[in-house]
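Next up: the same protein chain in two forms, each one alone, written as structure tokens (structure 1, then structure 2).
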Structure 1
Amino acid sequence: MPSVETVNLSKRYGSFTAVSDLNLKIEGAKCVGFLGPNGAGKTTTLKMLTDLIIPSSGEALINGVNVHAQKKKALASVSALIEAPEIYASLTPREALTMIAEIRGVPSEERKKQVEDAVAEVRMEEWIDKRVGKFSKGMKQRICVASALLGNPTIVFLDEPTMGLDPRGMSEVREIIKSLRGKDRLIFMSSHILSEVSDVCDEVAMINHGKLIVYDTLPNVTAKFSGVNNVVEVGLAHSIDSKIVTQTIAALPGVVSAEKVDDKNLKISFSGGLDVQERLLNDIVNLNIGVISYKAASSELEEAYLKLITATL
């Protein structure tokens, strides 16, 4: 089981403390959002987890191995995109990724397949032999994500992977990250975009002024800190009768209210945490109304985030 852990991890620059006694343990294949405002300490933490900078005190552990003391062993199963990675404009994805695969020690007989598989995973097969210099920023970022998949890592660190992209590029990269969750990988993704974390991640760790505020599942965070009730958004394959929403769904156990946002999207308010949300999903799916998505409402995460961040100012 992949694991990432920080134990009293701190980084100080003179009198300024970027990360302060951070204790966080993440285990299992999932996507965890590392959420916080700009300057909160997210990138500094990721750099200590990958030994790009040395902690002032404390430990960064990957699969129980100290990153700074045993860097090669700790990072053998890790890949990372931190800050603003780039691919040489004059190279094709095949050329650039083959070079990266060689640097990472992928055996020569496996490189071609791994490169092609990684490019396919980010849906860039038709561009594999085109010059990167001709790509949009979103396309370049997809190739960077592909580079992070070489060597079949079980842990992937992503530092604000959609930063600077237009809405289409952001959507494309988010969809790719969501597709990676089912590949037995632990994805630890920093972001300050609430809707992104709500859409992509299973759990969230919030940090501010270098200190951990909360780490829990998205439903539990929103249930504890956003208000009395939790809210989920449900996407449907086709429109349904309003009576099913206002009468049948609204009458399910734990549901406080149910409404149609538009023809194919519902918003359901319920009281309780993760166990209630799990049961609610089963109940809605059993109605056979064509459920295709189910997630915590981003507005609820925003409310929780603002309360928690304000409390630490």
Structure 2
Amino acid sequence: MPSVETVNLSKRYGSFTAVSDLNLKIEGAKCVGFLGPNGAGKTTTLKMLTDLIIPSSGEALINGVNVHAQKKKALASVSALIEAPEIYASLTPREALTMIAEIRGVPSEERKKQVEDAVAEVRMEEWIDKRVGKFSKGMKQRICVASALLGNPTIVFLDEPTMGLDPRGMSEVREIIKSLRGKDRLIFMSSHILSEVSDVCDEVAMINHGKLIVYDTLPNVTAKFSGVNNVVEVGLAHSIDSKIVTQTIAALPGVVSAEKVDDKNLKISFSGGLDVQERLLNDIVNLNIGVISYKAASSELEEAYLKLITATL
């Protein structure tokens, strides 16, 4: 089971403490959102987890291996996209990605296919043999996302992966992250976009002033800290009678209120955590009303985020 752990991890720059005694343990295949305001210490933590910077004290461990002391072993099954990397300008995506595949030990017979598949995943097939130097920022970011797919990593660190991408690119990268989630991977992703975290992540870790504020499942965080009921948005294939919403759905266990946003979308408030949310999904699906999507609304996460961050200012 993949694991990422920080033990009393600190990073100081003179009198400024970027990360302070951070203790965080993430285990298992899941996607964890890493949230915090600018300067909270998110990127610094990710950099210490990938040996881009050296901790002032404490340890950054991947699968129990100290990243700074045994970098090659610790990062053997890790891929990372930290900040906005640049690629050697004279190389093509094929060459740059083959270099990364070679470094990560992808067998030579699989390398070509893996590189081409990764490039196809980020929809850059047309550009695979063009030099990177001429690419836009968004195109380079796509190639960097492709590099994170190489070598079948079991842990993926992503630092604001949709930064610099156009709306379509952002959506595509989110889909890629979602597809990665189902492959026994641990994804640790920092982001400022709360809707993105709600959409993609199972758990959230919040950090401010270099200190961990909370680490829990997304529903638990919103249930504990948003101060209101959890809300899910349900997408339907077709319109349903309003009575089903106000009488049948509103009467389901845990549901506080249910309303139609429009003909094909419902907004359901409920009290409780992940277990209630799971049961609610089952109940709604069993009503045979044509459920095609079910997701936690981001507003609760936003409220929890603002509440927690304000409390630590």
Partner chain sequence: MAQTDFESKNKVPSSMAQVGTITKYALLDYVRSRRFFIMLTIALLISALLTILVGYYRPESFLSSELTFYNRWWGTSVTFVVVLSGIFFGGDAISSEFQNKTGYFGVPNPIRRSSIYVGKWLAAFIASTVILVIFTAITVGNGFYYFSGVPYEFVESLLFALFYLVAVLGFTFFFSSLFKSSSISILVTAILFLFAFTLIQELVADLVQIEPWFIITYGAQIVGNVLTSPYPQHQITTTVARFTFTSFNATIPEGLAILGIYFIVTAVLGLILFERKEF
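Here, a residue number simply tells you its place in the sequence of structure 1, counted from 1. Fair warning: this is a prediction, and the values are worked out from it, not measured in the lab. For the two forms, the rigid core is made up of the largest set of C-alpha atoms that agree within 1.5 Å on superposition.
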Original post:
Which of the two shown corresponds to the form predicted alone?
Top reply: 1
**OP:** Pick out which of 246, 84, 65, 25 lies at the hinge where one rigid part swings against the other between structure 1 and structure 2.
**Re:** 84
Original post:
Across the change between structure 1 and structure 2, how many whole degrees of rotation does the smaller rigid part show against the larger?
Top reply: 18
Original post:
Aligning on the rigid core, what is the distance the CA of residue 125 moves between structure 1 and structure 2, in angstrom?
Top reply: 4.6
**OP:** On a rigid core superposition, how far has the CA of residue 93 moved between structure 1 and structure 2, in Å, if you could check?
**Re:** 3.2
